[in-house]
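Just one chain follows, in the form predicted on its own, and it is written as structure tokens.
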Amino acid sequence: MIKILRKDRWSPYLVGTGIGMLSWVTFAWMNKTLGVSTTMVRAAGAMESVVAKSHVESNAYFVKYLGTALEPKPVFEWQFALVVMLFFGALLAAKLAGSKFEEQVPGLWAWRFGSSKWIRYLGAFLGGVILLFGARMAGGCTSGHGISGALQLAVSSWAFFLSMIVGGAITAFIIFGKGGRDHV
């Protein structure tokens, strides 16, 4: 078992099976689906409530996920733990594999935008913000729609997932053009 954990790349079939089994567990024992973007909504609402509690409690979107003063919902729950453990799981996997890969600016990015790591970080951050905004508009994220929704054969999840793939391909073409394929 330890030998498998020390590989640089894990089998997508093994990982997919593990995620599927985790989904079964969350469905069966918690009556919940896998997803992580709601954690960001809860965290944003909790932080905002420190300075504007009445605004958060009058906002229907935040009330849906945080509740009210009379009927509060937890900010830190199993989904928050999942988000935190995703980071630690990735760190543990990298350590077990002895990963030394430290690329900060991929070659394709450097070809198009230069080698500044701060511009790369800003681009990655802004891309994440846009993806999270889109995920909340779609009512879920890639894990919520792409894993849990797709497992349930939800049409909205398949539409989201296909739109994300097509949108990603179009965006990559707009940003990098045909010349990008020569700089991968």
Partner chain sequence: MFENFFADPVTLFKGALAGLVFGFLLQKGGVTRYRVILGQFLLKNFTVIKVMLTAIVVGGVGIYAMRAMGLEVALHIKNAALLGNVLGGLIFGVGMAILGFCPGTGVAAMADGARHAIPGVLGMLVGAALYAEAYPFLKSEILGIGDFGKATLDSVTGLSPWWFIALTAVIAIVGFVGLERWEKRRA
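Numbering follows the first chain given and starts at 1. Computed from a predicted structure; not experimentally measured. For the two forms, the rigid core is made up of the largest set of C-alpha atoms that agree within 1.5 Å on superposition.
One more form of this protein exists, namely the form predicted together with its partner chain; it is left out here, but the text below deals with it.
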Taking its partner chain as it sits in the predicted complex, is G114 near enough to touch it, meaning that at least one heavy atom pair lies within 4.5 angstroms? no
Interface membership of A28, its partner chain in the predicted complex, 4.5 Å heavy atom rule: yes
Heavy atom of V51 within 4.5 Å of its partner chain in the predicted complex: no
Note that its partner chain is not shown here; using its position in the predicted complex, name the residues of 129-146 with a heavy atom within 4.5 Å of it, in sequence order. V129, I130, L131, L132, F133, G134, A135, R136, M137, A138, G139, G140, C141, T142, S143, G144, H145, G146
M30 C-alpha relocation of at least 2 Å between this form and the one not shown, rigid core basis: yes
